[in-house]
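Only one chain is shown below, in structure tokens, and it's the form predicted alone.
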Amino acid sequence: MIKRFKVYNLECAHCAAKMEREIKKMSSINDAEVNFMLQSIVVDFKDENIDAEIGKIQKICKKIEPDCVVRA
């Protein structure tokens, strides 16, 4: 299942690349793309149960860029 998220306060392309690398490491993710210019994240989840995984993605983003907010 592919899901797109809007990212707010993502101020650094390097941070976006770090987020993408960390999200791709998650076992429940097939693929992910964090786009700094569009301020978005596109994630391909392996299964339909994605609620818990969205929370993990938000934590990864907050850890890298504390002011960052991820919304569906």
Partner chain sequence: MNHKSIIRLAIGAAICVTAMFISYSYISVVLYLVSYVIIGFPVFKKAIRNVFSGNFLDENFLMLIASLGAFCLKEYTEGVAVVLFYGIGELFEKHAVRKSRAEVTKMMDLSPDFANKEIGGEVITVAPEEVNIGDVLVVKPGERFPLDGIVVFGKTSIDTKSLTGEASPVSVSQGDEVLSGSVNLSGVVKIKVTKSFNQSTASRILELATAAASKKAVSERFITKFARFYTPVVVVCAILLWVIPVLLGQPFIKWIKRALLFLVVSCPCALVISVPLAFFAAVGGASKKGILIKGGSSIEALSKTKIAVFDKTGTLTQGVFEISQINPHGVTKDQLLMYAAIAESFSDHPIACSIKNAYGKKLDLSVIDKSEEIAGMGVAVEVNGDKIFAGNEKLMQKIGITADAQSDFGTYVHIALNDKYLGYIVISDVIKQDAERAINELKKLGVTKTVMLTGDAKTSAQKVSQKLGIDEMHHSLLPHDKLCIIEKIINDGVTLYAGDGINDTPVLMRADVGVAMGLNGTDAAMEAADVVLMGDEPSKIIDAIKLSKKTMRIVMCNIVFALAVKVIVMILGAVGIAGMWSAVFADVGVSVIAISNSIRILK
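Residue numbers count along the first chain shown, from 1. Bear in mind that the values here come from a model prediction, so they are computed numbers and not experimental data.
We do not show the form predicted in complex with the partner chain, though everything after this point is about it.
*Asks:* With the partner absent here, would L10, H14 and K18 each sit within 4.5 Å of the partner chain in the model of the complex, counting heavy atoms only?
*Replies:* Yes, the whole candidate spot contacts the partner chain.
*Asks:* Contact with the partner chain in the model of the complex for N35, defined as at least one heavy atom pair within 4.5 Å: yes or no?
*Replies:* N35: yes, in contact with the partner chain in the model of the complex.
*Asks:* If we define contact as a non-hydrogen atom of the residue within 4.5 angstroms of the partner, is K56 a contact of the partner chain in the model of the complex?
*Replies:* K56: no contact with the partner chain in the model of the complex.
*Asks:* Test of understanding: in the model of the complex, would R4 fall inside 4.5 Å of the partner chain by heavy atoms?
*Replies:* R4: yes, in contact with the partner chain in the model of the complex.
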